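Just the one chain here, laid out as structure tokens, in the form predicted on its own.
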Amino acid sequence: MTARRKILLVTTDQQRYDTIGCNGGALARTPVVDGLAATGIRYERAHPQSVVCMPSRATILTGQHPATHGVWMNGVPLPADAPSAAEVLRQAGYRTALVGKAHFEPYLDPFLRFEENALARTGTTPAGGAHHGFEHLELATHGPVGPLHYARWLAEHHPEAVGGFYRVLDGSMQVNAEGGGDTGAPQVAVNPIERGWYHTDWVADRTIAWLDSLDAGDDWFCWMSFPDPHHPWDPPQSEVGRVDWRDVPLPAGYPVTAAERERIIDAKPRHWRLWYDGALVSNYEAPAAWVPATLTADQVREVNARNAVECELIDEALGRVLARVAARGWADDVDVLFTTDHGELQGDFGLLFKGPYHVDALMRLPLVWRPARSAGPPPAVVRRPVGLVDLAPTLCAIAGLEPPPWMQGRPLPADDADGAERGFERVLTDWDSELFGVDVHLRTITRDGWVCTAYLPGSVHDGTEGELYDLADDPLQQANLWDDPARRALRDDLLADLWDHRPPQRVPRPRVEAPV
């Protein structure tokens, strides 16, 4: 049988659209991803179906919206019966691996109730030969604590490095609010670890080792999943000098004065100001003890500098993997897709981290697809809206397989003409959270250069609130037009389109098993 195109899916965690050079980023040097974009397809409007880790990663794997696959918030494990693009490829003869961050199941799991944690701790083979379609797993997260492969490897081979990482949880098992670095920025720490021991290079090393285990004629799909640049921002201190935070300009989305920040936030639904003042937290990963109103301009600069360093290390690690792919003779026959699960506020609106805030900082994602040179279309930039829900059917199409009917996305368009012909007009994004007695629910449509978000009834919303932004005139999404009478007809049309295209809710809704 003729060998099929091989597939390398590269994801990062919590990376903004504007952190890579080909998307206008000026802080981090990302020549490898920029090179993929120059010879492939770059997407201007790629959006997640959720702006938090577990639901978004489940969407990448299943090609389904969160309402369908059931992972409606962090802490909800992907149901055992959820379909998987990796399993489709495995059944078609592909060798399959996931190296790095999976997070289809909760991390806070002291009794190893969930298969990912138990498999990593015991080193056993997945039941039936694969876990959600992956026959080989080597797992990591953001630090050195827990049962996953990276934590075990670091403790065994370099135990002296374990204590250098930021302590993610405090003594109350809440996300740590402690600051560090030069400015006291939250979730920043000086990490003396050697670069080659850090999880970014470990993910690349283990990916290369798996590729080296394959025969030259194998068809393969590898999901290489970097934990960075998600907080905490504690890259190897030897690399921090790449970007001097003192020279970092403030991001365009950071209003410099407190009065301006508060004026913008006060025009948005109430939970924006409540979080800014430290009165409400609706996402476990945002430190409950941290008050965003205390964030300083220098702290924003230091966070952005360290984030850029982490993006550079990822780019260099990807370059090593691609060099190995070329050395194996596969360079012309491998499709490479690069993206992330969601973005990061990173100073926009005077905020950090993520949560129920459907703006470009969290919703506009880097997405580059460099098709195999042996079969790929010419380079292009696609401005039509696409979603992470479209990745799974794209993987099938690359392998020459018809996407199964349970996938709700479509293979990514090769250019705007293809996107127009196949009806890429809108993308939907949800948020659901029930945490600390607070529940927040958002439903968003991005279409025709507008972002429209409806709020369902919850702890601080009565169901009448919302947000409406004109991306052409207000790219920073600082002017909420939801209550503008002149935009009422447009708002109603977008809302009708949103409700018409939403998939039905999975019943019963799976339970939250852990906070993250």
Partner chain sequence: MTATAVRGTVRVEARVARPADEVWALVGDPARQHEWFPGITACTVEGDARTVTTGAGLTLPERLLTVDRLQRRLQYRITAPMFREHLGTIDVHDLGDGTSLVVYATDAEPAIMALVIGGAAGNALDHLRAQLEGAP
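The shown structure was predicted, so the numbers you read here are calculated from the model rather than taken from an experiment. Positions refer to the first chain, counted from 1.
Below, we turn to the form predicted in complex with its partner chain, even though it does not appear here.
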Check: Do S459 and its partner chain share at least one heavy atom pair within 4.5 Å in the model of the complex?
Finding: yes
Margin query: Taking its partner chain as it sits in the model of the complex, is P192 near enough to touch it, meaning that at least one heavy atom pair lies within 4.5 angstroms?
Written below: no
Notebook entry, point to check: Using 4.5 Å between non-hydrogen atoms, is A204 touching its partner chain in the model of the complex?
Noted result: no
Notebook entry, point to check: Are any of the heavy atoms in I208 no more than 4.5 Å from a heavy atom of its partner chain in the model of the complex?
Noted result: no
Margin query: Can you work out which of T122, T294, S172, S374 has a heavy atom no more than 4.5 Å from its partner chain in the model of the complex?
Written below: S172
Notebook entry, point to check: Which one of P110, G129, G329, G423 is close to its partner chain in the model of the complex, taking close to mean a heavy atom within 4.5 Å?
Noted result: P110
Check: Counting only heavy atoms and a 4.5 Å cutoff, which of 208 to 216, 228 to 236, 281 to 289, 404 to 412 contacts its partner chain in the model of the complex?
Finding: 281 to 289
Note to self: Could you pull out the residues of 482 to 516 that have any heavy atom within 4.5 Å of its partner chain in the model of the complex?
What the structure shows: R511, V512, E513, A514, P515
